[in-house]
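In the form predicted alone, a lone chain appears below as structure tokens.
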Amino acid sequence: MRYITFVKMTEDVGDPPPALVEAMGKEMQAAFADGSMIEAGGLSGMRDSTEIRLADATITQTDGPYAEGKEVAGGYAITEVRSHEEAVEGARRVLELHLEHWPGWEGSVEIRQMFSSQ
């Protein structure tokens, strides 16, 4: 089962502490090595984003940043796991590392199963 996870937080939190970067690096290296992580990366800020929307038969384009955005996705990972529970446990580990290495950080991890058209 393939899942995509998004780490979401307020955009103004600043750079992560070096200890978190190191801990996440080790965690990701182990996940790549055991084959459970397919891809991972950071995402640009909302000021660099564009939203295209279809509503009332009209397509509109809005460039970021968005005043109504409270949380943004700062990073993502695509994983291959045996169950939804395993995907949730991996996301929980990400939050545990943030708790341990970035006191005061608040955010969430969204976990969504991916489906292939093949």
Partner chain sequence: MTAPPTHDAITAVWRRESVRLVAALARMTRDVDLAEDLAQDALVAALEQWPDQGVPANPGAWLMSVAKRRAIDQFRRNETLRRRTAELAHELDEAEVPDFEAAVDHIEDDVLRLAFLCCHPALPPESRAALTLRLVGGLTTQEIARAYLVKDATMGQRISRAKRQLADSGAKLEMPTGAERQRRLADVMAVVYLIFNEGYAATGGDDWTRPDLCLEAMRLARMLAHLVPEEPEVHGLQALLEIQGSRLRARYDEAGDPVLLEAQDRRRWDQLLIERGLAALGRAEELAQRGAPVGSYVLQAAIAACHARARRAEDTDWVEIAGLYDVLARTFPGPVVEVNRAVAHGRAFGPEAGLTIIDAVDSVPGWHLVPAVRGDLLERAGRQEEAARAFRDAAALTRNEAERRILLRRAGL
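Residue numbers count along the first chain shown, from 1. None of the values given here were measured: they were computed from a predicted structure.
Unshown form predicted in complex with the partner chain; subsequent notes refer to it.
The contact with the partner chain in the model of the complex, taken as any heavy atom within 4.5 Å, belongs to E96 out of E110, E22, E11, E96.
Checking R82, R47, R53, K70 against the partner chain in the model of the complex, a heavy atom within 4.5 Å turns up for just one residue: R82. Using a 4.5 angstroms threshold between heavy atoms, I59 stays clear of the partner chain in the model of the complex. At least one heavy atom of G90 is located within 4.5 Å of the partner chain in the model of the complex. In the model of the complex, at least one heavy atom of F32 sits within 4.5 Å of the partner chain. Among heavy atoms of E39, some come within 4.5 Å of the partner chain in the model of the complex.
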